[in-house]
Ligand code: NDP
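Shown below, as structure tokens, is a lone chain in the form predicted alone; questions about how it binds or moves come after it.
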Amino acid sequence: MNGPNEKIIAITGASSGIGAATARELAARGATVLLGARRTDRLDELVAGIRADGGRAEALAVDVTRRADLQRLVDRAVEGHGRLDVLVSNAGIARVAPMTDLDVDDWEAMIDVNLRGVLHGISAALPLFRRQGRGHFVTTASTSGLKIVPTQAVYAGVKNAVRTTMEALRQESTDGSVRTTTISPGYVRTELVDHVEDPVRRAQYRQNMAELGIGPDAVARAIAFAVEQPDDVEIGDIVLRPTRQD
């Protein structure tokens, strides 16, 4: 098997949901995971649990809207382990509303976290990956970027931008030094919609997630599948959704 075993893997948005599940999955497979998020209390709890199970994990306060935070995460990997093999850019937020609501602050927040956060990760890790001659970017997008629906215009647009960016980076990296993988999940039981302001929409999304959603561990296994491939194999895109999602 080509498992993650000795790989050094950094994960953003690691304090809950897909990020936390991915941390546990990869650590269980032998990787050393460096976990970044804003909620450090949750990170500390996650790290303690991974270590109690015999895994290797570290935590670092990371706000992906701050470029310096991503650089610190990458630097921590190099200082502590001599390299970084994989960067999983998972931090994300969702705000849904009709365009006519003009929720400009929410638009900017999604751009800052969901797109600019990914770009900050690329800017921090790409020079290192080039120097190393190898590295892997794994980025969480969404099926919302594939099927456009009302109230998700900006969220879908940003996720589409992430997919486009990763595909362009893939085409620029055919020398084999950098691999890219975009994961596009459908409904997953996470906290993603907890901050949707409209209570009716929030309740509807929560109901959809509860009734249709798959567990975040399913996404974690997909990420592990992409990561465990040999260096000459690139899993460019993975779309996974509940079987009952339209």
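All residue numbers are counted from 1 along the displayed sequence. Remember, it's a predicted structure, so these values are computed and weren't measured experimentally.
The discussion below concerns the form predicted together with this ligand, not included here.
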item: Close approach of residue 14 to this ligand in the model of the complex, 4.5 Å, heavy atom; value: yes
item: Non-hydrogen atom contact residue 87 with this ligand in the model of the complex at 4.5 angstroms; value: no
item: Contact label in the model of the complex: residue 120 to this ligand, heavy atom within 4.5 Å; value: no
item: Contact label in the model of the complex: residue 209 to this ligand, heavy atom within 4.5 Å; value: yes
item: Interface segment, criterion being heavy atoms within 4.5 Å of this ligand in the model of the complex, picked from 87-95, 128-136, 163-171, 73-81; value: 87-95
item: Answer option from 64, 59, 178, 27, heavy atom within 4.5 Å of this ligand in the model of the complex; value: 64
item: Site test, 37, 113 and 186 vs this ligand in the model of the complex, non-hydrogen atom cutoff 4.5 Å; value: yes
item: In the model of the complex: members of 149-175 within 4.5 Å of this ligand, any heavy atom; value: 155, 159
